[in-house]
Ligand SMILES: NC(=O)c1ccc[n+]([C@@H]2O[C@H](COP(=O)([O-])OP(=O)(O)OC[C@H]3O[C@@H](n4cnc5c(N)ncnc54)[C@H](O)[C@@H]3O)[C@@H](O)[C@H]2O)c1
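So this first bit is one chain, no partners, the form predicted alone, shown in structure tokens.
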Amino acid sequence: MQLHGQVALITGAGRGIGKAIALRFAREGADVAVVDLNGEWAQTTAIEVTALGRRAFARTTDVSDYDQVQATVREAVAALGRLDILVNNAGIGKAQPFLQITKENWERHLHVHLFGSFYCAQAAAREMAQRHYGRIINIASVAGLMGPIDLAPYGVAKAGIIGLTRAAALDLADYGITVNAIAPGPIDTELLRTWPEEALRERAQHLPIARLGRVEEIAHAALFLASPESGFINGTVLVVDGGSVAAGAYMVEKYRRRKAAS
């Protein structure tokens, strides 16, 4: 059990990628602080963590609120005794063409993704620094590495998270804390499942590996970066996207050939 005796705090852990990470960490021996804006989702995940034989702490928190984050980290440490791992996963996504992006949509993306990741990382790092050990994992996105269509606020916020990861990795290394990011491609989550079925099948064909990613695959990457054995990996962005970023514009030709052969 790679995380035996450790405590992890995971934001946005009520469902999707965050929930998958919480359950994977619990299976690997970690006690888990489950944080989500939806309290019912958080509680459900916490119950599943305890069913795996681990302790759980559930908290309803808006990560964009500085005071709420401070209270959540403080209460999680009080309940579970320590904090070894933070996964900044909480996020939102609302598509709007660039010329129609509202002030509210722009600011909300930055506040939840970027401000929230910083607030949580700083509060968690202050706890970790006392024991000279910690793992911080930020969930970015391939949208932070390439220009997304109709998702400028999301892409900008995720690019900011990548910048935050690198800056924090340098500053926190002296305290025994590593900071890394995961950049998922299209993952089969509840949010993506709002698309029509045909659109999902077509989207998968635009990936070198002709399928959507699974939440368990992101959880596996998070476990790798959270493990004690990953102590020499710091400030990196682990892209988990089926090869999309690597393919770049060449994926257009690969997709054309697939369509012609079908």
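Just count from 1 along the sequence shown to find any residue number. What you see is a predicted model; the values in this text were computed from it and never measured.
Unshown form predicted together with the ligand; subsequent notes refer to it.
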Proximity to the ligand in the predicted complex (heavy atom, within 4.5 Å), stretch among 84-92, 70-78, 126-134, 163-171: 84-92
is_contact(Asp62, the ligand) in the predicted complex, heavy atom dist at most 4.5 Å: yes
4.5 Å heavy atom contact, Pro153 and the ligand in the predicted complex: no
The ligand contact in the predicted complex: Leu114, any heavy atom under 4.5 Å: no
Gly16: touches the ligand in the predicted complex, heavy atom cutoff 4.5 angstroms: yes
Contacts with the ligand in the predicted complex - residues in 185-220 whose heavy atoms fall within 4.5 Å: Gly185, Pro186, Ile187, Thr189, Glu190, Leu191, Leu192
